[in-house]
Structure formats: structure tokens, C-alpha cells
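Here we start with a single chain on its own, the form predicted on its own, put down as C-alpha cells.
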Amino acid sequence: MLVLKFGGTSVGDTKAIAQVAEIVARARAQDPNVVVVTSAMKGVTDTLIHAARAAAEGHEQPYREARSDLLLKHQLVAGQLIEDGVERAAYGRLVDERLRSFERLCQSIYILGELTARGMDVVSGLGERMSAPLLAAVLRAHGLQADWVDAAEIIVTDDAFGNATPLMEPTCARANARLRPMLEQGKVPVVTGFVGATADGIATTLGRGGSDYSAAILGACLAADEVQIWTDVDGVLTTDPRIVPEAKTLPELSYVEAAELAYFGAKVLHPKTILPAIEASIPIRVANTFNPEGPSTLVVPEVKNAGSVKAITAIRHLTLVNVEGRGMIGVPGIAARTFNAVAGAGANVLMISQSSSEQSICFAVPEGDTAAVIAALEKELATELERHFIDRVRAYHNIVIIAVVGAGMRGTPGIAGKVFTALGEAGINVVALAQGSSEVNISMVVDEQDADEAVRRIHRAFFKD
């Protein structure tokens, strides 16, 4: 069994969706059991969210325009790819009904002046609920038996609206009960990505980019042979080709390498995607919808020929927060209180570094969380600041984390030396450094103005041949 997931660019317009239909047909010829998971068409989710937020701020025009624009966008594809008039008309009615529902919801948001997380999940999941029936209809037009399935019928989640967690036991029971009969009948289920529902049927979403996660969940539940993530690049590359044009596709990655790259900014895979795959030991293939015969990356439990460094990636728009003071030495609980305060501010910590003398702790957070984090720290550590046990809480803005990833780095001497030699020759200063005991990742903080050159220099040091 194969589970194929197609991202927003892969179903972004008429030409892309026609290409998707050909890929699904080829996969169906290879394996009779194929499940498709689709994202919303490119730009649709952003349009829906922007319109709903504008309604909450007292603006009607954006959601009225969004309804009109999205109706045209979907009907244009249907008109060009669905020849059967009855089928085309049925889809037209469905998408019109979805968008009328969206407009009514935005009217309520406008009147109340409030957009709750629960309401946002209903709005933001509408794009997939328009693209899945469209793709199913296009597949039928290409001679395949296909029906669309709302993932709210299958993926059971908690009620953490906006970033829900799937409950695997009931999800797997529903996935097998709903999808296996369709596969036995020779049908291709086209499932909405990104969305789910609580056990009570309340709409939820898995977080932005969550369609990858949806595919991995279904792959694990159905014991798929492979989950394929179809996107707009040739698999996972050694680095961002916009920075290093000679970046090359990695034929294989281990689960741990892929998880590190996803966490540290490589946007080919959703960070949570790896989790169900690891538990079920299912390979994940990352391939290019627009170059299906080109190179791809297979993510597997372990890579036999691990090499050393696999890839270099960067996380941007960060702030480095530094808590420093000689009075911190030997005082228990400072680190715990620091990160409790950060958690209370709702900020995600991406990297931590502490001096061996215990005189300072620094950590990276997203730029947008900086003010809340500093305020929370100053409140929590007010007594220590007043008594000068802690000298200050400082923020260094416009920093970037460069992550050097590779399972083969473990136990290989000279990797760090090669990295810092490359940066030193370019005169690039490393502000902070972190390496876990697994030795799969070396992370360093540099100024934003040095980030691209740092990536180029490190890439050249390890991939110059």
C-alpha cells in the first residue's frame, strides 16, 4: 500500500493538478492500494485566515472578496479538468455551499468581533474540504475510481485547537473501517490533509503544514509500505538551493536526521511527520510533483552508509536571550525558573547554551516572542536582579541558528574543527554554540548578516567535490 500526500503547490493550479492525476495513475499501476492525502490549493488557507481575522477586526470586504475569488479559483480548475457536465455541476454546488458557509461564519465573527481558536480551525480547514473533492473528481475524469473522504471522519484528536494531537487508537480503528472497504472495492480514497475532529465531532487542525502529518498517521494506521510526500523540490537537499545553487539531493536520510532537519527549518517535512513513521517503521519518500522522474529522498530507520555531514540548514528571525550574573554560580533552580518563565510566556525555545562556570544561560526564541519572554524573566527573577545575583537579562536581535546535521558525525573526529575553520576563514563570529550528546547536530548562532555566507562556507567545506 502507498500513501501519497500532495502539498499546496502540487495542487496549486490546473496544470499541477493534472500532473498529480498522472502521478496517482502511475502509483495505482504499481500498487492496487493507493490512498491520497491532499492539502488546500496554494494560497487558499492564507486567504481564509486573513479574511476571518479581518472580520474579527470589523472589516467585511475581505471575506466577501475571498468568497468570490476562491469560488472562481476552484471552478476554473473544475471547468478545465472535469469534462462531464453533471460531475462539474455537482462539484460547483459543493464548493459554493462550502464558501457560503464560510461567509456566514465570517459574518458571525464580524458581529461578535471575536475569532476563537475553535472558530479558526473551522475556517482554516475549508481549503482541504474544497480541494479533496476536486482532486477526486479529476481522478475520475482520468479513469480512476476515486471518492473523497473528510479526515474529520477518521482522525480523532484532542481539543487543542490550532495544533491538535491525534489519538492513535480510535484514529486507526476509524481509518481501517472507513478506508479499507474502499480499497477493496478498487477505489482511491482522497483524504483531506491537515484536519481532524474531536471524539465529539468538533473540527480541529493539526497545525500549519499538517497534511504531511495526516499522511504519516494514515500510513501508520494502514501499515503502508511507503508514505510519499510530493512537493515542489527534488527531495531533501544538502542545503537551501537559493543560497547554494549547487546543493544536491540526498538519496537517503535516517529518521533522526530528517527529524533534526525538520526541526531546524528545512521545510520539506512537517516536524511531526516522522513520529508515526518511526513507530511503524514506514519509509517516507520525498519527491517532486513537477519532476516525478527526477531524484528523490528516502527516509528510513537507519542509513548504512551514513557519511558525515548530510545537510546544513538555518532558522531565521530569532532573538538570543542571555541571563547572566556571577551570583548564579552554584545557585540551584535558576535554570528551572528561567525556562518555567519562558514556558509561561508561551514561547518555543529552539536552542540552549550554558557556560560551564554557570555565569550565563542563553537561548534562542522567535523574534515575535522576545518582549513577552523578557518581561516574564524580569518578573520571575526580580529578587535576583535587585540583589545583583543576576546582572541583567539581555536580548540579541537579528540572529540565525545554523544547524549542521548528520548521523555519521557521531564518533567522527574533526567535524567541529572543519566547521569552525570554514567560518574562521570567512571572519564569521559564532555567538553561541550547542551540541547534543547524540552528536547528530551541531548548532551555532551567527548574526543575520553572516548567515548566508556561513551556510555557503560550511557547505563548501563538506560538499566541495
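Just so we're clear, the structure is a prediction, and the values are computed from it rather than from any experiment. Residue positions are given as counts along the sequence shown, with the first one as 1.
The form predicted together with a small molecule is left out here; the points below concern that form.
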Identify, from the list R208, H388, R118, R180, the residue with a heavy atom within 4.5 Å of the small molecule in the predicted bound form.
-> R208
Is every one of S254, E257 and V405 in contact with the small molecule in the predicted bound form, taking contact as a heavy atom within 4.5 Å?
-> no
Heavy atoms within 4.5 Å of the small molecule in the predicted bound form: does T45 have any?
-> yes
Contact flag, A40 vs the small molecule in the predicted bound form, heavy atom cut 4.5 Å = yes
Listed range touching the small molecule, judged in the predicted bound form by heavy atoms within 4.5 Å, from 407-415, 32-40, 65-73, 393-401 | 32-40
